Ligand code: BDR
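In structure tokens, the next block holds one chain alone, the form predicted alone.
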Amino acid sequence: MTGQPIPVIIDCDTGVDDALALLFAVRHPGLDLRAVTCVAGNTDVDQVVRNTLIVLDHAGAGDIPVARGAARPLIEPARSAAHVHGQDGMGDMGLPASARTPVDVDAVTLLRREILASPRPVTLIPTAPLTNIALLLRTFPEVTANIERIVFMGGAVAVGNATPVAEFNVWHDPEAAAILLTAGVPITMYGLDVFERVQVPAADVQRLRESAVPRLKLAGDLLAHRDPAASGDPTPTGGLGDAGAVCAVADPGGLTTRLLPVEVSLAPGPSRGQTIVDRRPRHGESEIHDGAREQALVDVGLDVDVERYVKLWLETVEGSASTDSGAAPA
């Protein structure tokens, strides 16, 4: 690898697959994880902070600042995904708390500070509802001058998961997602269409689960929990989920994107939170009769090299495992 590491900030709701993303980001030599900010989503924001600090311990991370962010979406109440991630957001594994502590400023303040202080423009990687990012953009719009790109895990071109058409992160705070699309910086949407395809094979999951290295055992247990068949299959495959978005920053060549107009449905009812991606080759009758609406152009992930990202994630997280004294929790 040549050149300087890419400065990145992850905004997360840790979260089984957010944890997989953090394990990767800490250990990839091409990424410089400058900060982690936490927001309500998969679980409540205080539990997200707790989970994030635990994962950083397991990853052998240095002194990476972590900040607590929004406790609820801009308009609606918080609605967790405990049925997917467990009551504690981390598969209810009973992991002991970390001795680390969050910084004494809120997430938006930390985001502004780290973005403006970076000598190279920062890549933001939100893997959660976009509340913190929306608050940042509205409060301190000057930060966009030092943001290289925003690669967010959210949205769907085809089928949703929170509703038939809406993906959870966007559905949880649609107004925040709509604000993100007006950021005025390059944006990549790593949506469900690619998110759900990157699966770690069962044999690799089992190898990780049997490891004596705490970091790797945690990774294996998280992957096993993520798979819907985990309760009945002792060697399930495991989805990388949010971690794929971080892989796309480290190795963008594994993600096939197309620059397309995207907007978020904010109307009440069954379409709320849908990311409407316009893949038409030309305007239709709506635009002919009513005029074209202004829509953000987003690099939308349409295809992914699954084997490439699985290999990248495994090699990064497993690297130097036998000699890694920093893998055990503090």
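Everything numeric in this text was worked out from a predicted model, so none of it was measured. All residue numbers refer to positions in the sequence shown, first residue = 1.
One more form of this protein exists, namely the form predicted in complex with this ligand; it is left out here, but the text below deals with it.
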Select, from the options 90 to 98, 246 to 254, 187 to 195, 68 to 76, the stretch whose residues sit within 4.5 angstroms of this ligand in the predicted complex by heavy atom distance. 187 to 195
Residue within 4.5 Å of this ligand in the predicted complex by heavy atom, from 109, 211, 161, 118, is 161
Hey, in the predicted complex, does residue 173 get a heavy atom within 4.5 angstroms of this ligand? no
Classify residue 42 as contacting or not contacting this ligand in the predicted complex by the rule of any non-hydrogen atom within 4.5 angstroms, answering yes or no. yes
Would residue 169 count as touching this ligand in the predicted complex under a 4.5 Å heavy atom rule? yes
Give a yes or no for residue 223: in the predicted complex, does one of its heavy atoms lie within 4.5 Å of a heavy atom belonging to this ligand? no
Using a 4.5 Å cut-off on heavy atoms, which residues of 133 to 159 contact this ligand in the predicted complex? 153
